[in-house]
Each structure stands twice: as structure tokens, then as C-alpha cells.
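In the block that follows, a single chain appears as C-alpha cells, in the form predicted on its own.
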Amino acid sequence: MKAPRDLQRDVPLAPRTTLELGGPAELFLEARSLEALQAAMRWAEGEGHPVTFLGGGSNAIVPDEGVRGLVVAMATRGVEVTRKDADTVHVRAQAGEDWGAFVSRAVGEGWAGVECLAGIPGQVGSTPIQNVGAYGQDVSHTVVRVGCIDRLSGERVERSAEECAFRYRDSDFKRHPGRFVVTDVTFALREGGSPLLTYRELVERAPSAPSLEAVRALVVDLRRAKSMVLDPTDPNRRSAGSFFTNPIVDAEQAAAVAAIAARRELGPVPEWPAEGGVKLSAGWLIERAGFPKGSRRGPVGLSTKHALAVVHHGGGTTAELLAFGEAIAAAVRNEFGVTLEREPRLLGCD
């Protein structure tokens, strides 16, 4: 089979990620259509090349040696209304659409359901994989189906929200990596709906009877104050957002952590009810385990604004970044008996 026309070799991947780390792609292609994506996958399979998929690069870590085989960057575009009911609009967005732009479009149209997810970098296609969420809102609240390529058949299929099996920062896509490639996502949004105000920080700061735009803008401001938006002037800008997920533990382990905190006079442990147990604050655990905001080990460290964000200050390596993350996880495990799970994926490995 003939190689794709736009195939490139030895393409640097660091500039395509928010961490700005790592080596090149052996082979690289931007897929601008479903047909191009399927053709590239068939070619790679025929040639024996492993295939890795790259979205917006905000949740990706590139190994120092780069990524072997073909790296496909999702570059499909398009947002369309596929159905309207009494007060609900179904909107399908292609995987390569910028997530922030999609949220702004939804808010501008008066479609409620994603306003609290403003300011999150990345592409639409990545959001159901991680079940992206913030400020009391998850994409699983509005996703009705996800278009995918089933890599076993090579054909496009649609998976319902139930088949996606969403959990906290998790989905069937994440639990079975490599099986499906997300091509588009359909959301059911509330036309003319009110913004969601359940998160304490939003409730305290939002004006009375806020509009969708007011909540979107407030969320962006809050994220900017925590260095959680892409800002070229921010010294904490080179990160992948939250490096760890907030751990969910059972009641017994939560009580054990609270007992450790009381014995060490650390104050109450921030916790919330969660499906399957109790959710603890990873940032709180990290700081109390000896890694305060701004901690640094050479070219990598923690954000000065948010203990969950591991930052690359420039001139570093992926190995240094991962070693720093492992040191943090080990400290939390030793101090509190809690295991932290890394959120961004290591391309070509995870």
C-alpha cells in the first residue's frame, strides 16, 4: 500500500505538547478527515508500524527518545446541531475541535452543560476518554454518544454514554487503551438553560442570577489564578494540568488518613463523597507529604499556584519530570498510605 501523501518523518513532538518535552515522532501525520485517518491506520498496520494518537497535547508526555511508529495528530474540524427537542439540543463536534472554542460556542448559543469546563486546554476528542471535569461539571453529564473507529474492524461505530462506562476521570476508553479512536462526540445541551452552580468557589463568587457567559468567564479567571490556563506569560505554563487525580479510597482508608493528619496536627483532610468511596484532595496530600507549591528539582517542580501541577521550567527532560512525579507519589504513599495515579499519559507506553 502506498504511504499517505502527507506523511512526515522525525517530527519534533515537544512543541505540540504543553509540557514542551520529549523527542520526535518517527512518522507523523495530521488526519484532517475520517477517510484520511482510516487510510493512515490501514497503511501503518500493513507496514507493521505501531500507531499513537495525539490530541491537543495538554494531557500527553512524550518520552525523551520520542515515539516509534506513526503518530497521528487529530485535526478534524466541525460542529453541527444534529437534533433539537423541546429544550435540548444535540451537538456533534469533531475530535480535532479545540475544547475551549467549543465551550465558548456553546455558551454563545445559550446551550448550558459545559460552561464550568471553560479554560481547559485540549481537543474535544480527548474529553470523553478522561471524563474531563471541573467545578462540579463532567463531560459525562452531557455526552450522549461517541463516534469512534473500532481498531478491530477498522470501521466507525457509535458508543452510547452507557457503553463509555464513565467514572471519575475515567472511562471504558481509558480502561481499554488502543481499542477505540475517538472521531467525534455528541453532547445533549440545554437550550436556554441556567449555568450549573454547585461548586463552592463558584457559588461564593458568582453574581446573583449569573448568565452562562458570566460563569464561563469566572471559571476562566479562577483557572488563570491557579495557572491552569494556557498563558505564554505565566511561569507555570509548561504543565499538563493536574499531574495526579484525586484519589478515591474506602471509608477505612479515609479514616486512617484522618487519624494520621490528627496525630501530626495537619488539620482536617479535605474529602468528598464519591462513587466507590471517599475522594481525597491530592493537592493537600502532596503538600503535607513535603512538597509545597513551588517545590523544585532542577528544571522541573510544582507550580507556585497549584500543588497538583508538575511544571517544566525549561531545559529539562521527560526522565526528570517522571522522576519528580514518582518522588511525590512515593512521599504521599509513605506518609499517608495513599497511592496517587498519574493523569497525563506517556505516549507510546501507556
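Predicted, not measured: the structure shown is a model, and the values here were computed from it. Residue indices: 1-based, along the sequence shown.
Another form, the form predicted together with a small molecule, is not on view; read the next lines as being about it.
Though the partner is left out of this view, residue 43 does not reach within 4.5 Å of the small molecule in the predicted complex, counting heavy atoms only. In the predicted complex, the small molecule lies within 4.5 Å of some heavy atom of residue 245. In the predicted complex, no heavy atom of residue 112 sits within 4.5 Å of the small molecule.
In the predicted complex, the small molecule lies farther than 4.5 Å from every heavy atom of residue 49. If you check the small molecule in the predicted complex, you find no heavy atom from any of 32, 80 and 91 within 4.5 Å. Looking at 288-296, 311-319, 33-41, 60-68, the stretch with residues near the small molecule in the predicted complex, meaning non-hydrogen atoms within 4.5 angstroms, turns out to be 288-296. Taking 154, 177, 267, 270 one by one, only a single residue has any non-hydrogen atom within 4.5 Å of the small molecule in the predicted complex, and it is 270. The listed set 307, 54, 27, 300 contains one residue whose heavy atoms approach the small molecule in the predicted complex to within 4.5 Å, identified as 307.
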